[in-house]
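In structure tokens, one chain follows: the form predicted alone.
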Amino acid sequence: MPKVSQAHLDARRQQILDAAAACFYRKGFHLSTMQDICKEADLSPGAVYRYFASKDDIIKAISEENRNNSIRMIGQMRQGVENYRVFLDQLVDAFFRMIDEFDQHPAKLNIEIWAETFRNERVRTMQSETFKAYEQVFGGFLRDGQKAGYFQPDIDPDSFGRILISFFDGLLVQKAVDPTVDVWAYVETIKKITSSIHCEPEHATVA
């Protein structure tokens, strides 16, 4: 029997994740079934179960993929920017563009994940890990800036990370309820708020 390439396996796995996301958009996690996902992917149950043993596994994979893509994006942006303030502003722009493109972006599924945490201990644990990962990234950025003398030293990095998450998630919910929300007016206000934590030197560089 010919050996199946890793590229083929990866493509099939992504096909299932994309099909699951489409189902979750339409029906939510709770009402979507593995049968729905198989039908959407145009695959047999056996083919789908080869990659994912349960719907929870699919939810976990989608969440991890979104989280890893976002953290990778942050790392790439950080490498290309020297000034802390510029980096923070660009980071805000990049993340909130996801909300401005709400209907086309995977961030929309975050709301479904949060709803599922009330019913599913495994999903709740997974979401807690996701929050912690973002807190570490954003908090680490603040710590580096504090060491460089660019951010005020009395700001708690962990709380700073949680606040940035809250800025994003809070608006995500509002955008879902009211599509007319002005994302970029919100972004400009966030930048004014975050500018208050800056201190000299003005041109401290990102490590």
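Throughout, we count residues from 1 along the sequence that is shown. Since this is a predicted model, take the numbers as computed values, not measurements. What we label the rigid core is the largest C-alpha set whose atoms superpose within 1.5 Å from one form to the other.
This protein has a second form, the form predicted together with another copy of the chain, left out of what is shown; the following refers to that one.
In the predicted complex, another copy of the chain lies within 4.5 Å of some heavy atom of residue 156. Taking the partner from elsewhere, residue 162 is found to have a heavy atom lying within 4.5 Å of another copy of the chain in the predicted complex. Contact annotation for residue 197: at least one heavy atom lies within 4.5 Å of another copy of the chain in the predicted complex. Proximity of residue 111 to another copy of the chain in the predicted complex falls within the 4.5 Å heavy atom cutoff. Taken together, 95, 146 and 150 are entirely out of contact with another copy of the chain in the predicted complex: none brings a heavy atom within 4.5 Å. This chain lacks the partner; the member of 68, 54, 174, 44 within 4.5 angstroms of another copy of the chain in the predicted complex by a non-hydrogen atom is 174. For the partner-free chain shown, 27, 28, 30, 31 of 23-59 come within 4.5 angstroms of another copy of the chain in the predicted complex, judged by any non-hydrogen atom. Superposition on the rigid core between the shown form and the other one places the CA atom of residue 59 2 Å or more away from its counterpart. Once the cores line up, the CA of residue 140 ends up less than 2 angstroms apart between the shown form and the other one.
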